[in-house]
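First, one chain by itself in structure tokens, the form predicted alone.
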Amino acid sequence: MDALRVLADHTAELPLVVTCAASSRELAAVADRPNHLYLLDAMGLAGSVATGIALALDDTPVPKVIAIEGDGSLLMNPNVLITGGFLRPDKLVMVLLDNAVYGATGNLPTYAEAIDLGRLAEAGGWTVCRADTPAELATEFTRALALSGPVLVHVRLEAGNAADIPKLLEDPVVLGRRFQDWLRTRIDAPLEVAL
């Protein structure tokens, strides 16, 4: 939750694509905003969706597109690191919340215990920033926003999720439309966004 609070503080005016399950629910509990695209039941796709959005917004006033991904989810689709490194979307920043477990399945270990996903991203052509504390995340995320993408912010976390977080029961079509409408207003009438 601490990492999500830091990210919510820095992304109020940026498109934010969030991986499924606990990360989406916890971010919605911290700050449920129309700039959040919650990928309910779409594990492994936050980075891919954000990559497509970043490429589509290349010539628009939207300065950055943010993805929040988990290690288990990224390991379901590591190809996004190769695709992002090859296509090099300038506006793409992906935050990897790496706790080395699948939180949705009772904290079964992922391969992230043995594979450094930040180094994998570097091998794919990404610039990688690293953080282990909320203060480091705030610093490194701010630095990532100033870099040309693709940039991965690799955040190592302790395993575990917040208790008593309500499920996101809104229709995914409604959530998608809300995000789409918000994004359209940013393209048509851009705001000044301090990075």
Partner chain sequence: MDPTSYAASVARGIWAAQVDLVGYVPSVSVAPVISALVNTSGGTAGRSRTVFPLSREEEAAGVLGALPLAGKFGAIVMQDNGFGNALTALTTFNAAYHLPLLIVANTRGGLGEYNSMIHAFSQYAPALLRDLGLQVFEIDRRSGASDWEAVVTEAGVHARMTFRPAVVLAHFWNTDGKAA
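Residue numbers count along the first chain shown, from 1. None of the values given here were measured: they were computed from a predicted structure.
There is another form of this protein, the form predicted together with the partner chain, and it is not shown here; the text below is about that form.
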Q.
If the cut-off is 4.5 angstroms on heavy atoms, which of these, 138, 30, 49, 147, is the one near the partner chain in the predicted complex?
A. 49
Q. Would residue 79 sit within 4.5 Å of the partner chain in the predicted complex, counting heavy atoms only?
A. yes
Q. Is residue 173 a contact residue for the partner chain in the predicted complex, using a 4.5 Å heavy atom cut-off?
A. yes
Q | Non-hydrogen atom contact residue 87 with the partner chain in the predicted complex at 4.5 angstroms | A | yes
Q. Can any non-hydrogen atom of residue 165 be found within 4.5 angstroms of the partner chain in the predicted complex?
A. no
**Q.** Which of 148-156, 66-74, 130-138, 52-60 lines the interface with the partner chain in the predicted complex (heavy atom within 4.5 Å)
**A.** 52-60
Q. Even though the partner chain is not shown here, does it sit in the predicted complex so that 39, 180 and 183 each have a heavy atom within 4.5 Å?
A. yes
